[in-house]
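Take a look at this one chain, the form predicted alone, written out in structure tokens.
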Amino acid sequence: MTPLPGPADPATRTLMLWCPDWPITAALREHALPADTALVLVDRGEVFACSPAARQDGVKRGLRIREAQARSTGLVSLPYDPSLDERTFEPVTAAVETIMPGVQVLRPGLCAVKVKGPSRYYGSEGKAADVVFRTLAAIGLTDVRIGIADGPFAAEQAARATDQDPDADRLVVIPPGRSPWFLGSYPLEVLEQPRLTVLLKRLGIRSLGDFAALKASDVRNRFGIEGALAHRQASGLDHRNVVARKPPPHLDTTADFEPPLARIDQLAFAFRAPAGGFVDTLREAGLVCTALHVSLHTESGEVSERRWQHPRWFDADDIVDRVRWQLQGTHASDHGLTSGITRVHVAPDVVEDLSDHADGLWGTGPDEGIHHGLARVQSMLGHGAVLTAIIAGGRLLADRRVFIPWGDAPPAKAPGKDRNQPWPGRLPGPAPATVFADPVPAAVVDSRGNPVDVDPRGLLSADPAFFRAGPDDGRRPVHSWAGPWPINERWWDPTGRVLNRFQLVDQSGSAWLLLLEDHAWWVEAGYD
């Protein structure tokens, strides 16, 4: 059983920094949207967060996206990305750590600091909060609220109290020892313990003050350890301490060039040493980078950014190759650029433990040789010279193949070919083993040698008896067949396609997938 803190244990004076609607703020900053945009973040088809402009139109959390769009005609919807919240809150945390160490991030948009040391250094708790406001305003963050009280729980409620009155100050300071008085009128829901809240309300207890008036021993005997800890929070005796985070190591690297470099080979040579230092820094931290972000800055102010992924992990040569390929992808020649490169910034996007990528006792064998061979081909012929296939959405099998450069991360959604869409008419599994890049002309006839066709109502003119899979193929008797399965693409468009799909099995047991379009037969794929 977890022991409770003693009654004499004082609560830690805590400064709680709260950024309201942080997921919305992060999305606005990431996509460079105006602050007054009616924006919602969607998670599993429902509104996860909404901006103040959207709330004015009646949008609230939990609405279905269709209903939210009906309430706000100019609504902008984006998918909710938790990693974006964490990534964009990191500069805020780093800025606070420069003026007062010991920051604990409770979640993106909410962090706590022990205020005892900063209040002594800056002169008072209010002055320490003013320094935080000015520091965050310098990085463009002005909608910040701060609460100072005894313990993280009371400090968080003090910070949120600033949002109740639009004209109120952004800072609320609860004097030492006054946290029980401040919390007394708050409802039980702020404890975020639904089961305990329902039980207390059945007993006639409606507020934190009513809960705090109960004897601590009676609460523990009746509600157990969880109820006893909640009772201490309601009494302003928060047992939690502020646990400072360990700042992450500085892993990215930046190389500045003066004068700007106007040749790709010059840049590759000059950046080789920083790339080696980048890899060495990761190794010292016991990490390897499997995905990185490269930013190229030109003297004309243009910025080229790209995320690169590696099938194993990046070494110095791989990083230099990616920088060169990124330049070549912007249609820059080997003899000159439209604008000289002044800065190269490389930051790890995904890092993994070095031990997870250690070589085997006898090396990595064929995998290592394949990797080096393909990387060599890419370095000589360009990033797009080696391609790998991924499966996308579509009705025809050839349309479902999408080729991406080897080593790149598969896109979450191929443009116009999202696999999660219904795609009526697509072939269910199991999929054929051989898919022809271009359909092969075929012929299907009945027992009298007449071509088999399908009328506008989808009825066969006769049962298939023989077929030929290709102009050089002999006539094959049909052992069994299934179909037709119609595919009507873009039925509202005069240029749409109407196809019928069949499966045929010959007497040898070989299975084929055929298409019938405009009275012509084609072999789409074959089953092994």
Partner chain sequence: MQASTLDSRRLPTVPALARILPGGGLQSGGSYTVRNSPALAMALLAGPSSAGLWCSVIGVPDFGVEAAQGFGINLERLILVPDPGSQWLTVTAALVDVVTVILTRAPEHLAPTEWARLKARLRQRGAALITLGAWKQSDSTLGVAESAWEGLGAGTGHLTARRMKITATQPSGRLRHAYVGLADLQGTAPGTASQGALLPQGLQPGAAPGSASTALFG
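Positions refer to the first chain, counted from 1. Between two forms, the rigid core is the largest collection of C-alphas that superpose within 1.5 Å. Only a predicted model underlies this, so the values are computations on that prediction, with no experimental measurement involved.
What comes next is about the form predicted in complex with the partner chain, which does not appear here.
- Listed residues 500, 37, 503, 69 were compared with the partner chain in the model of the complex; 503 is the one with a heavy atom within 4.5 Å.
- Residue-level contacts in the model of the complex: of 422, 456, 204, 430, one residue has a heavy atom within 4.5 Å of the partner chain, and it is 430.
- Looking at 27 to 35, 55 to 63, 474 to 482, 41 to 49, the stretch with residues near the partner chain in the model of the complex, meaning non-hydrogen atoms within 4.5 angstroms, turns out to be 474 to 482.
- Contact check at 4.5 Å (heavy atoms) against the partner chain in the model of the complex: all three of 377, 406 and 509 pass.
- When contacts are judged by a 4.5 Å heavy atom cut-off, residue 312 does not count as touching the partner chain in the model of the complex.
- Contact annotation for residue 138: none of its heavy atoms lies within 4.5 Å of the partner chain in the model of the complex.
- In the model of the complex, at least one heavy atom of residue 435 sits within 4.5 Å of the partner chain.
- Taking non-hydrogen atoms only, residue 273 never approaches the partner chain to within 4.5 angstroms in the model of the complex.
- Residues are counted as partner-facing when one of their heavy atoms sits within 4.5 Å of the partner chain in the model of the complex; in 250 to 274 not one qualifies.
- Superposed on the core, the two forms differ at residue 435: its CA moves 2 Å or more between the shown form and the other one.
- After superposition on the rigid core, the Cα atom of residue 513 is displaced by 2 Å or more between the shown form and the other one.
- Core-superposed comparison between the shown form and the other one: CA of residue 36 displaced by less than 2 Å.
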